[in-house]
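Taking the form predicted alone, here's one chain by itself in structure tokens.
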């Protein structure tokens, strides 16, 4: 057993959707579900880590304390993390670090969000030194415009087609049918995807995830605490990667407007996204061949194919072959997004990396009713945040 492991004793979620309620209400719902799942009293929690949500005022900026107060002050330490879409993994890593340092024994990690209708956009105001603001102001580059660049790159490099991208949506929609937390629970066809409006060529509306309200929570403890409570065989977090890029970053990343030149240095050993999974594997002491199930960041259908390769679950340019052969669906060699992914959930930014951990915990316990990957023992997540935030979590059973 790795000395770096911590136990996942409880997970909980609030259903994704557009509910029109405060983010705190969603987070409290998920937190109480995680506590009930673990059978741990709120008074036993000695650390609360909140995923920050920048759209929800001061309460969102100090989310750790906000959730601690809403659950009822119990004297716990608090922390708040923000890493854009990697927020949940960074918050989880903060909790893990304090547990492994012996400074905490029972930590509750919560992420919740409410989102506006339409594109995610920077906060108001003029900020000429902010690349996230500049890409909207100077180029009109919404997130789907970047997704389309990545999709076109796959087409040019590997011969991917719009039908391939549509098939990812078809697969994930089928997976999400059995997920009670998913916002969209309806089968779609390739024709449905290709017949939906073009948002940013070559991507259609059904290729791109929505924005949603939602929440997820994870209760983590020391392995000693788990053993004392008769839960020594619980799911473990074996590795968390929050790496940043290494110069030169030669593949475009949101919200940047250019890549680094590799003229003087040569091509890097790995792209940034490939380095995220590599660091998680290295820390966990497992490899891609050990992975039974993956939850990846399908902001668009084409991005799921990128992540399959970035996690080294197949070689470059081979993701389409896996998809076409049915190997990434439940029952295939390496099921990807059995939850339905963001295709079925939409983005609730501070919650989504934690939602992936919830799904993998249910999968490794054998509790993912209607979407179970049989015999799953090792799972990996992949996420990414603006400004070089990596995110990958490896769970084992």
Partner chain sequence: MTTTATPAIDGWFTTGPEPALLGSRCTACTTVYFPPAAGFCRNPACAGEQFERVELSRRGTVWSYTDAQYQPPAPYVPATDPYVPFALAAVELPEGLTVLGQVAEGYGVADLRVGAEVELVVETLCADETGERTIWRWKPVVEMGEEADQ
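On a predicted model such as this, the values are computed, not experimentally measured, just so you know. Numbering follows the first chain given and starts at 1.
Not pictured, yet referred to below: the form predicted in complex with the partner chain.
Stretch-level contact check against the partner chain in the predicted complex with heavy atoms at 4.5 Å: of 211-219, 231-239, 117-125, 102-110, the positive one is 117-125.
Contact check for residue 289: no non-hydrogen atom falls within 4.5 Å of the partner chain in the predicted complex.
With a 4.5 Å cutoff on heavy atoms, residue 180 does not count as touching the partner chain in the predicted complex; it lies far away. In the predicted complex, the partner chain stays beyond 4.5 Å of every heavy atom belonging to residue 270.
Contact between residue 82 and the partner chain in the predicted complex is not found at the 4.5 Å heavy atom cutoff. Listed residues 281, 146, 184, 225 were compared with the partner chain in the predicted complex; 146 is the one with a heavy atom within 4.5 Å. With the partner omitted from this view, the residue of 274, 314, 251, 190 that lies near the partner chain in the predicted complex is 251 [heavy atom within 4.5 Å]. Looking at the partner chain in the predicted complex, residues 136, 142 and 260 each place a heavy atom within 4.5 Å of it. Using a 4.5 Å cut-off on any heavy atom, the residues of 163-198 that reach the partner chain in the predicted complex are, in sequence order, 197, 198.
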